[in-house]
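So this first bit is one chain, no partners, the form predicted alone, shown in structure tokens.
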Amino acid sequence: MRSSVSRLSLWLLLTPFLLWIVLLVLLPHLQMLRVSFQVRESWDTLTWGLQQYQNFFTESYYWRTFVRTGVMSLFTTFLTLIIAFPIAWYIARLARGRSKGILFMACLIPFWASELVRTYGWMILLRESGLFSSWLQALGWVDGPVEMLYNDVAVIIGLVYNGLLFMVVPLVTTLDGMDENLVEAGYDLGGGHGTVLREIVVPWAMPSIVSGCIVVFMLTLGSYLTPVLMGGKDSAWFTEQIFTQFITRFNWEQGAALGVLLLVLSSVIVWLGLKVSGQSLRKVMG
């Protein structure tokens, strides 16, 4: 009787999660995959084929934007890690008492606002009449207003800012649990800062590093608002192509194919990252 009640309780707890996965993840992706193989011969006639995928490989703008988005996302993820690691180290290992909570809260507060608000905030700072341009003019470093928006640098700044918290949190959690004696032993055995970091700290934090990189990479690769609002005509992002096919051209078949290709790209890169780092998805995700 008790085991039956326990199983029922388990299923009741799992039901919302299973419904979420099936209804909002699995079924939409299967439907998108099905639509991607449809070929519209007329407004009311559909056949099956690979036309949408052929269009991707024959149209250079599609696959160039595809490759560019992947490379930029990888670079943004790496840059986010480089910035987040010392922040996480300071919060986890050096900050004491209330300052640790205050610093962690400082990382969290910007995410109380939506991505749109955060992006517009950076646009206000980087625009021609923004704060940074005014500072440069006040210091005498430039003669007139400087437009810092609508380029790849602005896009990367926005993407790094939006992904920073998702890299800091797992790093802080892991580094906070590291035994201080391990670091001290490394120094006692003659290791320098670089050796201790490479041989002790990074291996200890590797699961959280990979976890943070996966989350930031997926968010960056699938970002739409930041590249569109902060990027220029030469800063095309693949999600913009998907939006154009679905919303502007009403070409759902081509949009579905591009969406499937983006999903394949993200899955392949995450798989390669796990292989290179020697981690498993179960270990990384806890």
Partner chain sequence: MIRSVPRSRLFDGLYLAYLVAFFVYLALPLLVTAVFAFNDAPFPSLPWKGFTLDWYFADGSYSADGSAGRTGLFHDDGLLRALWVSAKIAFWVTLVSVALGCVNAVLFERLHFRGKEFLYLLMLLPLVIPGVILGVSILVFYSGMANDISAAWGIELDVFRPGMTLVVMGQVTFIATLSTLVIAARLRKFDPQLEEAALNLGATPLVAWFTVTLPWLLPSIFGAAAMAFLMSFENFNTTVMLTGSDTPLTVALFNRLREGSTPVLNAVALLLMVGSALLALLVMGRSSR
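Because the structure is a prediction, the values reported are computed rather than measured. Each form is matched to the other, and the largest set of C-alpha atoms that superpose within 1.5 Å is called the rigid core. Numbering follows the first chain given and starts at 1.
This protein has a second form, the form predicted together with its partner chain, left out of what is shown; the following refers to that one.
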item: I82, heavy atom within 4.5 angstroms of its partner chain in the predicted bound form; value: yes
item: Contact of I269 with its partner chain in the predicted bound form (heavy atom, 4.5 Å); value: no
item: is_contact(F243, its partner chain) in the predicted bound form, heavy atom dist at most 4.5 Å; value: yes
item: Any non-hydrogen atom of A236 within 4.5 angstroms of its partner chain in the predicted bound form; value: no
item: Three-residue site L10, L14 and L131 fully in contact with its partner chain in the predicted bound form at 4.5 Å by heavy atom; value: yes
item: One residue of V160, M148, V169, M72 in contact with its partner chain, assessed in the predicted bound form (non-hydrogen atom, 4.5 angstroms); value: V160
item: Residues within 4.5 Å of its partner chain in the predicted bound form, restricted to 23-38 and counted by heavy atom; value: L23, L24, V25, L26, L27, P28, H29, Q31, M32, V35
item: After fitting the core, I21 CA displacement of 2 Å or more between this form and the one not shown; value: yes
item: After fitting the core, V268 CA displacement of 2 Å or more between this form and the one not shown; value: no
